[in-house]
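Quick heads-up: it's one chain on its own, the form predicted alone, in structure tokens.
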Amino acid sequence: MKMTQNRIPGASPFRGSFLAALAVFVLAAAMPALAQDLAQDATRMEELEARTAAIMEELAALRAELELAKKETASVEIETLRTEVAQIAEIAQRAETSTLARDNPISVTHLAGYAAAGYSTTKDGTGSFDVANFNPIFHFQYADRILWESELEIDVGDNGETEVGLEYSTIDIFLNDNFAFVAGKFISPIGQFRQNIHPSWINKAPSAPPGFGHDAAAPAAEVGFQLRGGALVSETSKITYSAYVGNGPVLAVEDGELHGIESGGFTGDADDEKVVGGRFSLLPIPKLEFGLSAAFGDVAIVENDGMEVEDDAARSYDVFGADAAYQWNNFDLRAEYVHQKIGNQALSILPEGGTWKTWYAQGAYKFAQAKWEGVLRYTDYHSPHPEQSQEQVLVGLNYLLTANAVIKLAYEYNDGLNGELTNKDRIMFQIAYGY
């Protein structure tokens, strides 16, 4: 059987060979360029791999540094936190210590005091703002055994000068529940007014009763030793007591007369004789008190018309006082009598002695929810000098801003020697504050 070769119609053997040869030629011509491109791609891959490796190394290094930094930062933060915790613990310890100290203090410091400002005018006279004072009081107590207390008296004088005085300064030693030993300058325990009522924010009137000022009937202060205290007699009654020994007052002569008994408290003792005295009181029921006071000793003249006097003969000195006080509901009632007597001394530069005596009775009543208070006081004061003697009736009205701040308005009806200030009625206005 004769085989027939199949051919594509229209194709010739020569054309096929030509196309194959042309393909081989094109491939041969393209091979160098393709080889060059492949070589370049291989180089780029190597460079890329190298860069990638370098980046990975840098990343690993950064990670290591970051981990180290985290550890170091954590260490610093932990140390800082520990420091802060230690500081907080120390603060807490101090707070606890302070709390314990307040609950059971070893020593306590306290500042108190009072101040007043006021205006007064006499009938047919000229008024002035005549009161501007400040009395700081200092306390320092160690445990329950020792107390130091002191009061300064700071006033503005008539000419604008500042006057500073030491009202009292004592060291108190508590011997037991019933006795305290007091040493230094202390307010006289004679009577009630001087030792308990004279501060402006406590006194219900803007003035002291005549005879209870300086150099008058009531002793003001003493320098020496004092033993004082109190004790229960029953569940509702008690007694108080004080006894003292001190240098005593001094005398001054002006224009041939005893000027007065200067009892402001002195560290000198011209006559080298001490004064002994004290006070005893009974409180049969709460808020009712009866007291008796007395003192005796010797005094001497130390000044004559501004000139110092030495070695003047000593003379007798006697003090007696009685007082009573009662508080009931909104009523406050009190009365007091006191006198100081100087004996005659023939050997003195001024032989004649004298007696200064005074008494007062006072009533006060609070009303309108205890915001207002009416005051009525009567005083009769006698001095060896007629120009000093005075009879006085005081009518007052107080407004209590707080328990320790008061506004006072009062009118004094005064009866004294004609032409003297003790015979002129007076209107007074005062603001007092205790703290």
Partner chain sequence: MKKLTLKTIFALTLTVLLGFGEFLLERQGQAAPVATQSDEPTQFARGAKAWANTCARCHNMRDPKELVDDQWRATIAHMRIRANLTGGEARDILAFLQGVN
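Residue numbers count along the first chain shown, from 1. Source: prediction; values computed, not measured.
The next section is about a form of this same protein that is not shown, the form predicted in complex with the partner chain.
Trainee: Given that the partner chain is left out here, which of W356, F212, Y360, Y168 has a heavy atom within 4.5 Å of it in the model of the complex?
Mentor: None of the others qualify; the residue that does is Y168.
Trainee: Among N247, S120, S348, T240, which has at least one heavy atom within 4.5 Å of the partner chain in the model of the complex?
Mentor: Of the listed residues, the single hit is T240.
Trainee: Counting only non-hydrogen atoms and a 4.5 angstroms cut-off, does L400 reach the partner chain in the model of the complex?
Mentor: Yes - in the model of the complex, heavy atoms of L400 and the partner chain come within 4.5 Å of each other.
Trainee: My question is simply whether K366 lines the interface with the partner chain in the model of the complex - judged by any non-hydrogen atom within 4.5 Å.
Mentor: Yes, K366 is a contact residue.
Trainee: Can you tell me if N133 lies within 4.5 angstroms of the partner chain in the model of the complex, counting non-hydrogen atoms only?
Mentor: Contact with the partner chain, no.
Trainee: At the 4.5 Å heavy atom threshold, is D305 in contact with the partner chain in the model of the complex?
Mentor: No, D305 is distant from the partner.
Trainee: Within 4.5 Å of the partner chain in the model of the complex, do G160, H259 and A270 each have at least one heavy atom?
Mentor: No: no residue has a heavy atom within 4.5 Å of the partner.
Trainee: Using a 4.5 Å heavy atom cut-off, indicate which stretch of 125-133, 348-356, 187-195, 213-221 touches the partner chain in the model of the complex.
Mentor: Among the candidates, contact is made by 187-195.
Trainee: At 4.5 Å, heavy atom to heavy atom, what parts of 202-240 sit next to the partner chain in the model of the complex? List them in sequence order, or say none.
Mentor: Contacting residues: I202, K204, L227, R228, G229, G230, A231, L232, E235, K238, I239, T240.
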